[in-house]
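As structure tokens, one chain now follows by itself in the form predicted alone.
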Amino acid sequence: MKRIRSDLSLVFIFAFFVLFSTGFSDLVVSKLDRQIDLSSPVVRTTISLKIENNGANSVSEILLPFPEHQAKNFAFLSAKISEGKGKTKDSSDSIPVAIATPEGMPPAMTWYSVSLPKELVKGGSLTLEVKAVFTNILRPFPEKVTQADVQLVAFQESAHFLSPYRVKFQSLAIKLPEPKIESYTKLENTKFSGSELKYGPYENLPPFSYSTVVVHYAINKPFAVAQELVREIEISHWGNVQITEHYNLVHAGAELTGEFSRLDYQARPHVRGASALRNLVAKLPARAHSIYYRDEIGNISTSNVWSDSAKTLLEIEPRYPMFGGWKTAFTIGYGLPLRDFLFQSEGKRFLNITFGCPMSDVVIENLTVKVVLPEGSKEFTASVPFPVKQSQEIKFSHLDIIGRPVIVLEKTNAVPEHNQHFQVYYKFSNLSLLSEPSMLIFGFFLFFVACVVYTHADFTISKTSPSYLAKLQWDEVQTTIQQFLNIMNRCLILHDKLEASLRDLSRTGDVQACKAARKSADSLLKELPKELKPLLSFLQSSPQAVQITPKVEELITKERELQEKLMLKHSTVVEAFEKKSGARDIDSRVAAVQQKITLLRQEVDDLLKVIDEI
């Protein structure tokens, strides 16, 4: 509070010297009404001035001074001329307001000049409606609170409007968020009723009258401030406008001190977290689609969407309730139909879309709007209804060759009043739409041509090189091994058929069928060694088959042993059946042979696996 009072003392000093100035005596404010809305963290002031020209000359501008502590926190200032009274009152469009530097004025004030659409003649009068929006002008007092405390703030102002003109009649009304107040400066004609604090009316005040008032009150709304918001608007002529917004958010209210209890917050959130930021609501266009909400961890599922014919509301909740001093970062994105926002006029296309943040409860310290135009756009310009810093850059995306032009618009201290429509004009040829599809078609064509060339071309350096010859020999060895394995598999199939004939014999007793199966297998098994002989000779002579040849020879030996044991078993069983021996007698006679057959079959299978792996 000491700081607040010390700032105001400077204004008093400067006002004292300005009282002797006679440069503004021609204009008189016959009636001045001020309304200050303190129901949110953003302070909005509405000023209605009825101004009369009592001088001899016409006047083309009206000067409005503001103290330094207010001017540095200016977010928005507009002025209109209103006509009529009551329900018939009508306001004109906004008129130009610019910073002015009158001579001889103290540096502790910032001056703004309102340019009148037509000069105010001698004896004439007009009513000027001024709207001023301030941020960061409410000071948490105390600056730190516990989870259970109420958030209190202090607001400083003057009961008299700081005017360079004489004021005949003026009043001030301050709207508070609740019908209770901690303390306020009591002056003459001060009244507090409901949630409104009134000062005045005051009559016949000289120029630069200033009377300090300080209001100390409770406000449990969160001070949501986006320290940085990067809003990217990407235009695609294939039918979509993609919006991506990156937020770095902080709760700029009274900082939380002490421990945070999630249990207390869940039990009584409106008591143990009255000023905490729980959620935000973004008002999106009615046909917004493909909406997402995420942060650096991933998708955040605590969000809801409602839509009707006029709007789409996106309600988002942070991963945790935000108290004073706490920060978070997140991204929201959505798509919009191109035909709702892109139009044509005088040979140019233009985008018509809102500038600011879609969340009315968020103040933005640094707002960057990037409009990404299609590749090939030319002669692009931006038209914004308020001053912004403009620049250009290039963005490369998929299938881009020269990059996409980007118009960068930067604004500090942005408030919901800046969420106005702005336009971006540019020229774009429809033939440019074919560039990316043509590139894809040509790229695929080159890819298939390259594949055809690769499959038909011979890229070997020399067919007489040792490495090439070694590769050919190894290919021949692989082919021979494969043929050898096929023959061995045929042998094993014949072995299985012999085993199957013995099972049929034990089931049916048909000895003749069993003998016929044996005869057929014998004839086939006699032919297989003839086929194996040239393959084995090749492997024994090839230097590339040095490691695998011993395994092949071992497999041939084991297969022959297995074949002999199978024939012995087959002959023994058939002979026993012809003598009509019992099943137990047959099993006892072939038990030793069967044990040997099982062992040999396992060894053959293992060798086949080893050779196949090599």
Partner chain sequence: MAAPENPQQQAATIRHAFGNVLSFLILLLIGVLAFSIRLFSVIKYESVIHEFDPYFNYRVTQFLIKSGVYDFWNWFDDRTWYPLGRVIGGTVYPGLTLTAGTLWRIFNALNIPLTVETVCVFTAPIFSAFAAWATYLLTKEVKGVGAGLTAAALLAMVPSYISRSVAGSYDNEAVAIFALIITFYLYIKTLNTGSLFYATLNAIAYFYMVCSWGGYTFIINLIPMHVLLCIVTGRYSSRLYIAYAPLVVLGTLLAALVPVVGFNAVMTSEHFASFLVFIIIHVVALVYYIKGILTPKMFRVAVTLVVSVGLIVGFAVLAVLIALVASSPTKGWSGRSLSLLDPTYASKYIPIIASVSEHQPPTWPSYFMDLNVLAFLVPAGIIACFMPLSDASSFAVLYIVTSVYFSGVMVRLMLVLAPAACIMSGIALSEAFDVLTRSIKLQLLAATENPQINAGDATKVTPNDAVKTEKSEDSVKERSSRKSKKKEKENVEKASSVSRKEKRLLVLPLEASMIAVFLLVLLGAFYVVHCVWAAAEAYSAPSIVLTTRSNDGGLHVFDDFREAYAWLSHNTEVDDKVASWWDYGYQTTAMANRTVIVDNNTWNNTHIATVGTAMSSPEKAAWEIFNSLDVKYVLVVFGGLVGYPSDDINKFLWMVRIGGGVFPHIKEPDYLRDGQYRIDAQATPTMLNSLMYKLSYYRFVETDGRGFDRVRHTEIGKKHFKLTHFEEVFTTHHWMVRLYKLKSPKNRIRGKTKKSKSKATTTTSSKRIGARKKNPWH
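Positions refer to the first chain, counted from 1. By rigid core we mean the largest C-alpha set that fits within 1.5 Å across both forms. All values reported here derive from a predicted model rather than from experimental measurement.
Keep in mind that the form predicted in complex with its partner chain is not shown, yet the notes after this line are about it.
Residue contact with its partner chain in the predicted complex: residue 601 places a heavy atom within 4.5 Å of it. Its partner chain in the predicted complex comes within 4.5 Å of a heavy atom belonging to residue 301. Among heavy atoms of residue 238, none comes within 4.5 Å of its partner chain in the predicted complex. For the chain shown alone, residue 417 is not a contact residue for its partner chain in the predicted complex, no non-hydrogen atom being within 4.5 angstroms. For the candidate spot formed by 264, 455 and 471, every residue has a non-hydrogen atom within 4.5 angstroms of its partner chain in the predicted complex. Out of the listed residues 203, 496, 393, 255, 496 is the one that sits within 4.5 Å of its partner chain in the predicted complex by at least one heavy atom. Proximity to its partner chain in the predicted complex, defined as a heavy atom within 4.5 Å, singles out one entry of 118, 191, 339, 294, which is 294.
Here the chain stands by itself, but in the predicted complex one stretch of 154 to 162, 427 to 435, 138 to 146, 395 to 403, 395 to 403, has heavy atoms within 4.5 Å of its partner chain. Annotation for 327 to 341: interface residues with its partner chain in the predicted complex are 327, 328, 329 [heavy atom within 4.5 Å]. When the rigid core is held fixed, the Cα atom of residue 482 travels 2 angstroms or more between the shown form and the other one. Relative to the superposed core, residue 301 undergoes a Cα shift smaller than 2 Å between the shown form and the other one. After superposing the rigid core, the Cα of residue 370 is displaced by less than 2 Å between the shown form and the other one.
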